[in-house]
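Next up: just one chain, as C-alpha cells, the form predicted on its own.
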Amino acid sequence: MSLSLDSHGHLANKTEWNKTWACDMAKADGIELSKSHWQLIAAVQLLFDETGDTPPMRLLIKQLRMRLDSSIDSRFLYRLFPDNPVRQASKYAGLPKPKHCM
C-alpha cells in the first residue's frame, strides 16, 4: 500500500498511519523499532493529539520524564533516533514535520 507523503517524507494524512508503515519507513532509514522506540512514538502521538504540535526537544524530554521515565535525556533519544529524535519520532508516528526542525 502506497501512502501519500509531504515534501519532507512525512505522512500527508496522519489518519493513514499504521505500525507496518512506521516499521517500513524506519527500516528504510536503517532503524529497527524496539519497545523503547514504540514508547517514544506513542508519547509523541499523544502529545501531538493534546497540543496540535510536536514539542521541541527540551519540552519533549520534560514530558517523557513525567510520563515514562525520569532518567530520559537527550542522549537516550539520540541513541534511538540518531539523525534528529524529534523529527524522526514524528515521522514514524505519522505526524507532520515539526515546525521547529530544519
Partner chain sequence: MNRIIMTLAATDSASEWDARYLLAISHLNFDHELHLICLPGAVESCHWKDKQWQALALYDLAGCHHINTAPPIDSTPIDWKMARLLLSENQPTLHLCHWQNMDHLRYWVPLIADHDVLLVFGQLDCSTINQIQLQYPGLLFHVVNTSQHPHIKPNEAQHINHQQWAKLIRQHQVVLTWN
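Predicted, not measured: the structure shown is a model, and the values here were computed from it. Positions refer to the first chain, counted from 1.
The same protein also has a form predicted in complex with the partner chain, omitted here; what follows describes it.
- Among residues of the shown chain, G30 is not one whose heavy atoms approach the partner chain to within 4.5 Å in the model of the complex.
- Though the partner is left out of this view, L47 does reach within 4.5 Å of the partner chain in the model of the complex, counting heavy atoms only.
- Although the partner is absent here, R58 sits close enough that one of its heavy atoms falls within 4.5 Å of the partner chain in the model of the complex.
- Although the partner is absent here, S74 sits far enough away that none of its heavy atoms falls within 4.5 Å of the partner chain in the model of the complex.
- Contacts between 62 to 86 and the partner chain, taken as any heavy atom within 4.5 Å in the model of the complex, involve K62, Q63, R67.
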